[in-house]
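Let's start with one chain on its own, the form predicted on its own, as structure tokens.
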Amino acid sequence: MRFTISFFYVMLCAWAAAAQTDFTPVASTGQLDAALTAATNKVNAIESDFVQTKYMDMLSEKIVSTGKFYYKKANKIALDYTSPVHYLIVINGQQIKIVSDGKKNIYELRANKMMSQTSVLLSACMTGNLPLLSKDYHLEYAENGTQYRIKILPLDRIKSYLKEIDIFLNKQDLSVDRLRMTEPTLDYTEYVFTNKKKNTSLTDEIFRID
């Protein structure tokens, strides 16, 4: 009898855990879009820690990096990688700066439609401001007890190197918990955001391009 009760308890716990991870379609996507717009309109700045995991089929191990994420209205984003090596990506308006191995490269987004579109996509995904996305993407909404999952499917040229994006939003404040970007090869890059802070005083120095 003790074995039966223990087995039943384990199965019940397993079922409860599975129930928290299973997603079902959102009943009213319009209400969620309205809530997202209202939430992002109240946010002027975000900073958080992140862990990036990159999976490549040709490698036996995943590549894990850590760093800080910064966002400031409007359209200012910085990903400051601190481990295992220092690497910096800054988007400020129509310019993007990449610093790797002490070498700095600056690109004009206007000159490259693909890069400009990727910048808009990154900004929308990192901040949860999905209304930024246009008809160039198909969105699918699902939810479980704690999160919304929004699957973004590119419909134009960007799908040649990006199969889909999955964004996991915390139901309590609609902030981004996790972001996974999957390539056509099924290799993927995933970001997990922790220690999230909203409307902190971020200096413009963080987002300098020159």
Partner chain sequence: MKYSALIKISAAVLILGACAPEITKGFRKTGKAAVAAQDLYPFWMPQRTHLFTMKIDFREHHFSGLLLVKQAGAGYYRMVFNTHFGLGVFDFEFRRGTFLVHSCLDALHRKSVLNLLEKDFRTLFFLDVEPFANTAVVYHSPADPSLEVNRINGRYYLKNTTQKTLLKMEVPRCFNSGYYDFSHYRDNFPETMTIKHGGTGLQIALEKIHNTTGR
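Numbering follows the first chain given and starts at 1. Quick caveat, the model's predicted, so the values are computed rather than measured.
Only in words, not in the display: the form predicted in complex with its partner chain, which the text now covers.
- This chain is displayed alone, yet in the predicted bound form one of Asn170, Asn144, Ser65, Asn44 has a heavy atom within 4.5 Å of its partner chain; that residue is Ser65.
- This chain appears without its partner; in the predicted bound form, the one residue of Val26, Ile152, Ala39, Met56 with a heavy atom within 4.5 Å of its partner chain is Met56.
- Heavy atoms within 4.5 Å of its partner chain in the predicted bound form are found in one stretch of 144 to 152, 28 to 36, 170 to 178, 48 to 56, which is 48 to 56.
- Shown alone here, Val120 lies farther than 4.5 Å from its partner chain in the predicted bound form, counting heavy atoms only.
- Contact check for Gly93: every heavy atom lies farther than 4.5 Å from its partner chain in the predicted bound form.
- Among heavy atoms of Asn105, some come within 4.5 Å of its partner chain in the predicted bound form.
- Not displayed here, its partner chain is approached by Glu183 to within 4.5 Å at the level of heavy atoms in the predicted bound form.
- Heavy atoms closer than or equal to 4.5 Å to its partner chain in the predicted bound form belong, across 79 to 108, to the residues Leu79, Tyr81, Pro84, Val85, Tyr87, Ile89, Ser100, Asp101, Lys103, Asn105, Tyr107, ordered by sequence position.
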